[in-house]
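Listed next as structure tokens is one chain, alone, in the form predicted alone.
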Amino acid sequence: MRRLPAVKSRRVALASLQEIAGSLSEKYAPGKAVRTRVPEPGGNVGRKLNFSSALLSFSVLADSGLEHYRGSFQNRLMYLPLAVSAATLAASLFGIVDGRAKSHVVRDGLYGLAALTGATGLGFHGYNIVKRPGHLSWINLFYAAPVGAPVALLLAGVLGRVAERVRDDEASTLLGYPAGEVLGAVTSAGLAGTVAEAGLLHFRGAFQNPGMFLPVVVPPAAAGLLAMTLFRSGNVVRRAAKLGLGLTALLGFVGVGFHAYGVSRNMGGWRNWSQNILNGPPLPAPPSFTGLALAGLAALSLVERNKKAGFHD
């Protein structure tokens, strides 16, 4: 009778060990489906889109500053895109360094203002073309206000607002549709419009340099491959789209070098920079391709994230 308490204590200890072993076996069983954390959280993708918006805003700020200065700011509203693009650039830089996975009301408001200003500028530039003698003609498209320039500010605002939505929406949806697909469609359309603008101006230059064909060959291929990923989800298509977008992003930096070379070919070269930078090819224009290409890569990241989330769930 004296050994009974010792026997009971041993049984209790053995039962506790069996319970611990069972819980460990259940937790670390090799056949158990484990929910893994999906890479590319919304905050990281949002910061990538903030970077895309920053590049587009900087391009608009520098390009509209030069073009409107050349136009002597005849209309006081020509100061507006400079102020809005500068504010959008500041908001985008703040978004890049902001690691919080949630939207910011001030950034969101500035992006909305940028989109509205870009749409208004598109109307002003279109009116500037059709009011001239000959109305919608090649000569007016070549030398009047560039009709596609305000679209860059519009896209900067749209991409910025998408960045804020992606940060704040764990389901990664836009207007009820998957965010990756919506962003891919917007980026493809933006690349197509940028290609049309570059093609028009390079056609005006008669494609004197073979490198002038690159912006009308590489970005359209990337835009087409990105659009294909919306309908075909194969790895081959996505890898080809990534390659095309990577080359397009690189082309934006290479284009600045080509345009700098074009400026140097004018009379006086860079020694006469104050005049040649106004008359030569626009230096700030090519980075628009880089900004849109990075937005396309962010769209592919969202598509892959959603697919991985569905697989692990």
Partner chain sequence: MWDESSPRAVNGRAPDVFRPGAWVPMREYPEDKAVDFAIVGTGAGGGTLACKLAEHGFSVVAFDAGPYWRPLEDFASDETHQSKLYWTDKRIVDGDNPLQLGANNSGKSVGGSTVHFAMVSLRFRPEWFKSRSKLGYAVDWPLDWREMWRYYSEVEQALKVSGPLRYPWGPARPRYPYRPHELNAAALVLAEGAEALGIDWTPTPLATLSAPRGLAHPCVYRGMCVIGCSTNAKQSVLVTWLPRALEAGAEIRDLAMVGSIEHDTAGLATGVHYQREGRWHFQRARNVVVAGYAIETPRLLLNSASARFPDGLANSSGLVGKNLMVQSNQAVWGVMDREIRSYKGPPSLAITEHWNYADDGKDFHGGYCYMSQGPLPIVWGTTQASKRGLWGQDLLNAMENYNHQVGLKIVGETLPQERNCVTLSDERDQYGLRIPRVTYAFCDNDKRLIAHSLRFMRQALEAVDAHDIWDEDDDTCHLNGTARMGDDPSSSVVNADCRCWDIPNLWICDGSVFPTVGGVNPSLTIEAIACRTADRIKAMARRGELSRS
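Positions refer to the first chain, counted from 1. Since we're looking at a predicted model, the values are computed, not measured.
Just so it is clear, the following notes concern the form predicted together with its partner chain, a form of the same protein that is not shown.
Listed residues Tyr143, Tyr127, Phe94, Phe73 were compared with its partner chain in the model of the complex; Tyr143 is the one with a heavy atom within 4.5 Å. Between its partner chain and the residues Gly134, Gly211, Gly109, Gly224, the one pair within 4.5 Å by heavy atoms in the model of the complex involves Gly134. Although its partner chain is omitted here, in the model of the complex all of Trp138, Ala206 and Met267 have a heavy atom within 4.5 Å of it.
Annotated contact segment (heavy atom within 4.5 Å of its partner chain in the model of the complex): 197 to 205, selected among 155 to 163, 97 to 105, 197 to 205, 110 to 118.
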